[in-house]
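As a starting point, one isolated chain is supplied in structure tokens, in the form predicted on its own.
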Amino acid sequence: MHLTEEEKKVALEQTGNILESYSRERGNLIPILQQVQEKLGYVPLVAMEEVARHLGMPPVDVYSVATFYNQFRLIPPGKHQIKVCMGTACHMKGGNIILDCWKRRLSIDVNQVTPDREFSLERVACVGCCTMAPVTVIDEEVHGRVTPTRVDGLLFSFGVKIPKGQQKEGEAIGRE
């Protein structure tokens, strides 16, 4: 995903502020990356390069660590983060169907962001609301007993309109 110059500037500034509180020991790499992600919502390439410079290590080593652990996100999250629970209860109650519905409606796959950066989609292990399965969490708000029709309704609440007749697999959504 291409970052604007302003986004790069913010990432470098925030990363620099974080690095001020860390010594140059390589053992600080993961805590630094965690703080960068906490501050920015992801770990951009420019931040990894800055961290590498601070720790005196090749940027590829920082990139290797960031891509090894799936806790690190390398692209900015969408304005609205959609998490579909795939815990046992949600899986048994059709979590896969709900996940597929979100993927079709947003025209993105898991761990991707819509081109307008409005929505990102994640698959999570369990959100702890098993009695409400299948569950979707949008921006920390839990939605239980989600159905494909409810997915359309939730998107409608964000101003996304699914035109009649375009609710088939692979067709794009419209926004008002």
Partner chain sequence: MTEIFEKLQQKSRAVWQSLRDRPLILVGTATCGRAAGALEILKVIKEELVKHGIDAQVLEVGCMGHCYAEPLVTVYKPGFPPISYGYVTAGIAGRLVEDFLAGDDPCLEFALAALEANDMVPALTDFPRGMIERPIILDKCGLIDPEQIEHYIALGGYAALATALAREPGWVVEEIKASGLRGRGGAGFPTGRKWETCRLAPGEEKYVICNADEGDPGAFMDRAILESNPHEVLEGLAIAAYTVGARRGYFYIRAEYPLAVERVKKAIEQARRAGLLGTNILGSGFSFDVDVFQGSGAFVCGEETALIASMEGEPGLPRHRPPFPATAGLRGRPTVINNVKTLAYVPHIIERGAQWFRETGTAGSPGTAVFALAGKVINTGLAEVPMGTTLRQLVYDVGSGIPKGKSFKAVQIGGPSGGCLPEAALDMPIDFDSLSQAGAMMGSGGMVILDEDDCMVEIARFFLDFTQKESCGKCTMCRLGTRQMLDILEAITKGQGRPGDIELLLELAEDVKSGSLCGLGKTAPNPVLSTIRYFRDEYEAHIKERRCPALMCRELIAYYILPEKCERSCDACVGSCPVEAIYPNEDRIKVIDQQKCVKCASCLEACPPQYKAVIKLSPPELVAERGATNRG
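Positions refer to the first chain, counted from 1. If you superpose the two forms and keep the largest set of C-alpha atoms that fall within 1.5 Å, you have the rigid core. All figures in this text were calculated on a predicted structure; none of them were measured in a lab.
Quick note: we don't show the form predicted in complex with its partner chain, though the next part is all about it.
Colleague: From the list I138, C129, L40, V46, which entry has a heavy atom within 4.5 Å of its partner chain in the predicted complex?
Modeller: Of I138, C129, L40, V46, the residue with a heavy atom within 4.5 Å of its partner chain in the predicted complex is C129.
Colleague: Could you work out which of P59, G56, P115, G27 is the residue within 4.5 angstroms of its partner chain in the predicted complex, going by heavy atoms?
Modeller: In short, G27.
Colleague: Contact between I75 and its partner chain in the predicted complex at 4.5 Å, heavy atoms?
Modeller: Answer no; every heavy atom of I75 is more than 4.5 Å from its partner chain in the predicted complex.
Colleague: Taking heavy atoms only, is H80 within 4.5 angstroms of its partner chain in the predicted complex?
Modeller: No - in the predicted complex, heavy atoms of H80 and its partner chain never come within 4.5 Å of each other.
Colleague: Mark A52 yes when one of its heavy atoms lies within 4.5 Å of a heavy atom of its partner chain in the predicted complex, and no otherwise.
Modeller: A52: no contact with its partner chain in the predicted complex.
Colleague: Can you tell me if I108 lies within 4.5 angstroms of its partner chain in the predicted complex, counting non-hydrogen atoms only?
Modeller: Looking in the predicted complex, residue contacts with its partner chain do not include I108, since no heavy atom lies within 4.5 Å.
Colleague: Out of 90-125, which residues reach within 4.5 Å of its partner chain in the predicted complex, heavy atoms considered?
Modeller: H91, M92, K93, N96, I97, D100, R104, R105, R123, A125 sit within 4.5 Å of the partner.
Colleague: R26: after superposing the rigid core, is there a C-alpha shift of 2 Å or more between the shown form and the other one?
Modeller: Yes; R26 is a residue whose C-alpha shifts (by 2 Å or more) between the shown form and the other one when the cores are overlaid.
Colleague: Would you say P58 moves between the shown form and the other one, meaning its CA shifts by 2 Å or more once the core is fitted?
Modeller: Superposed on the core, P58 moves its C-alpha 2 Å or more between the shown form and the other one.
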